[in-house]
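In structure tokens, one chain follows: the form predicted alone.
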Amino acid sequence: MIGVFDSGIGGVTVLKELLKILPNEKYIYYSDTINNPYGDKTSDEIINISDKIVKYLIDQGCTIIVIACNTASAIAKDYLRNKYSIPIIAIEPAYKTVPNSDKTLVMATKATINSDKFKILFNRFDNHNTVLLSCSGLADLIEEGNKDKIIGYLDNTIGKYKGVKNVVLGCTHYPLIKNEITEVLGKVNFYDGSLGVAKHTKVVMEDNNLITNTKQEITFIDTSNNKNKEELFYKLLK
């Protein structure tokens, strides 16, 4: 069984890619809405939260974990990999896939941008024409689902970057608002890590003989027990 977790429902963007590549598996999707957003928490808080989630998912029978949250991946993946013996797959902003030196905007949480892991990634692939933008509070608005508020937020934060060619979506929530970002910036090239992490998960599962090819089953867990979150999750998944 594959465990997937995120600070909310944003990781559905990762799960959708996993289902395309690994359709015949059982999944538990863990939406930690009660602790959302992760991006404004301390590193110790993020590690502690992630540790508890991974332990829970393992207790439920998961044999591989996918961290579908850029913040948790950047902060907690090394700790989790050192502590647990099962494979733990971590997403990262798809900055290295940006193919040229055109003006690029990286949208991510404060914790992701400030993390050592992202700094190493950025310094390695820096195209010297990139703006790093901390989008505090945006994941919350996406969870809320109010388009007017989202557009207002984007106007105030990214409106001044009209003319960028590439936008790296460094949070799994952000691909859910590509249309709204396009309304503000115009046509841009989007990059996110969902497909890459799904492909990597399949390779790791094959290498570790974890492919089951059983009947597909998806269990949704939300820590706030909010039925609206569950309804939105399955709506987005379809």
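For every residue, the number given is its place in the sequence shown, counted from 1. Treat the numbers as computed from the prediction; the structure is a model and nothing was measured.
Omitted here: the form predicted together with D-glutamic acid (DGL). The next part is about that form.
Under a 4.5 angstroms non-hydrogen atom cutoff, D-glutamic acid (DGL) in the model of the complex lacks S31 among its neighbouring residues. At the 4.5 Å threshold, heavy atoms of C171 reach D-glutamic acid (DGL) in the model of the complex. In the model of the complex, D-glutamic acid (DGL) stays beyond 4.5 Å of every heavy atom belonging to G193. Contact check for T201: every heavy atom lies farther than 4.5 Å from D-glutamic acid (DGL) in the model of the complex. Residues with any non-hydrogen atom within 4.5 angstroms of D-glutamic acid (DGL) in the model of the complex fall in just one of 181-189, 54-62, 201-209, 31-39: 31-39. Along 113-143, one residue reaches a heavy atom to within 4.5 Å of D-glutamic acid (DGL) in the model of the complex: A139.
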